[in-house]
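Here you get one chain, nothing else, as structure tokens; it is the form predicted alone.
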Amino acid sequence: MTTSKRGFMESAWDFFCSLKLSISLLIGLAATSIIGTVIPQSPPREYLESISAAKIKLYSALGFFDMYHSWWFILLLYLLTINLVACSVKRLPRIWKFISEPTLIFDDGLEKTLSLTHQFKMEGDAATLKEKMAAFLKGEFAEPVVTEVDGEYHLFAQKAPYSRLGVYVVHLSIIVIFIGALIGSFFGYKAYVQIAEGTSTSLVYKQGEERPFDLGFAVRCEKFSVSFYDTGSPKEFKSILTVLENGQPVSGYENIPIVVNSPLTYKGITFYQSSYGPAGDGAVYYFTAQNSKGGAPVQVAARKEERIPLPGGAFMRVLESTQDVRPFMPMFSGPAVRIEYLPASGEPQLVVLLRDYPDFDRQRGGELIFTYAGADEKFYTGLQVAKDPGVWVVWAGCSLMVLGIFIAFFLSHKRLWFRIANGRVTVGGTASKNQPAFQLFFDGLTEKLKKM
């Protein structure tokens, strides 16, 4: 039983210390990040309407719409954290001993393991040479540790020994980042809100919850604007927001413009520009109606679903509108409306009008020719609302990672040994990385020694 238990524990320990496990987990997290980039997280209604019900059901079951809070993503983070800790615990004591208890005696066995060695004669007794070599090392490299063994002097000096800990600093930084992510996951939230121009709200809807959540303060959308490319697709949409406390604007948070990559943050809660759309009943659409046989055009203003009288006993009603007709009529672009035209006699007609093509309706050949002049339309701004108390922990982890990567890749543990015996000085050296550069340094060092 003891042997079996020990065997299982050793197998589990070896599994969590495995480099294969590290690579597998990193690949899994990379694949997760790709999926999370391709599939919108907390997707807006427009995205859900663009995919099939089967896909929505599949993505919801797999947690793709909130992937970074899914149980399997959290499990990957836990496993990688355990893997990093296990690898560090297994290897760190040996590295620490290597750093804190260096080999001080430059014997024949150590000399054979070094690729860079040089030996030459020098005049003087051993004690004098020892003092001279110690001063030389201190000036050219680092202060040495001097050890005397059987009349021989051994000098050891090193630089940047703690650079070997760079990889463990990176390990620690990853764990710190994961801790920050978990803090944000457990104590933060993501929500969504739509605010029409000129209105304010303090209520947002958290992901997966039907009841609104009160922020404790209100946000008002002063104005919303959108610009378009020549193709008709949105180029930039911008909201002007004001934060309200007890119904009054907060100083310093009035008329703050936000765009997709420039959010607003107040009391640790960040508002990101996410989407937009027509506010609905507030829009006023402008038309001209002219008899096809001639006469002065009549100016008409209408709200959606409002029945408007026309000359000759006809009526019209605005059914729907769009800012870009291209998805529905690829040959055209720009704003468009669809109206219901009820002539004085005859059947109702559905008429599409394009703002940028004023002669479009003439092709219909009706008694009245309509032109769409545009709309005084109010929009709502769709804001993603996020609170992440772990973000500063994540930033601390990122800073620690930069430091660890710098130590691991740009600093080298360099070591030099001198042995003084029988009028000869033997020099040996090694570096943990960038051996060609260290060899140039070593060759220069020995040339200086020969000239002493």
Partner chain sequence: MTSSMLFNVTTLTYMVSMLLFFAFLASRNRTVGLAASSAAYFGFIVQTVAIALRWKESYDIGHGHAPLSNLYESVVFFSWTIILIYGLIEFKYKYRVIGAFVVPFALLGMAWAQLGLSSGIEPLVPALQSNWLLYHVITCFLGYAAFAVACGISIMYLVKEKQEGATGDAQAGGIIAQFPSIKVLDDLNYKAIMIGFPLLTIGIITGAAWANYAWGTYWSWDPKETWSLIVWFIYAAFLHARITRGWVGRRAAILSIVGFAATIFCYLGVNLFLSGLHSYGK
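The term rigid core refers to the most C-alpha atoms you can superpose between the two forms while keeping them within 1.5 Å. Positions refer to the first chain, counted from 1. Fair warning: this is a prediction, and the values are worked out from it, not measured in the lab.
Missing here is the form predicted in complex with its partner chain; even so, the following discussion is about that form.
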One stretch from 383-391, 418-426, 55-63, 42-50 that, in the predicted bound form, holds residues within 4.5 Å of its partner chain by heavy atom:
383-391
Answer for Ala181 alone: is it within 4.5 Å of its partner chain in the predicted bound form, judged on heavy atom distances?
yes
Would you please decide whether Met9 lies within 4.5 angstroms of its partner chain in the predicted bound form, comparing each non-hydrogen atom pair?
no
Answer with yes or no whether Val250 is in contact with its partner chain in the predicted bound form, where contact means some heavy atom within 4.5 Å.
no
Residue-level contact is defined here as any heavy atom of the residue lying within 4.5 Å of its partner chain in the predicted bound form; does Val260 satisfy this criterion?
yes
Though its partner chain is not shown, can you say which of Arg220, Arg164, Arg355, Lys190 has a heavy atom within 4.5 Å of it in the predicted bound form?
Lys190
Tell me, out of Phe156, Tyr266, Phe141, Phe237, which residue has a non-hydrogen atom within 4.5 angstroms of its partner chain in the predicted bound form.
Phe237
Can you name the residues of 14-44 that have a non-hydrogen atom within 4.5 angstroms of its partner chain in the predicted bound form?
Leu19, Lys20, Ile23, Leu26, Ile27, Leu29, Ala30, Ser33, Ile34, Thr37, Val38
Superposing on the rigid core, do we see a C-alpha displacement of 2 Å or more at Asp66 between the shown form and the other one?
yes
Core superposed first: is there a CA shift of 2 Å or greater at Thr32 between the shown form and the other one?
yes
When you overlay the rigid core, is the Cα of Thr430 off by 2 Å or more between the shown form and the other one?
no
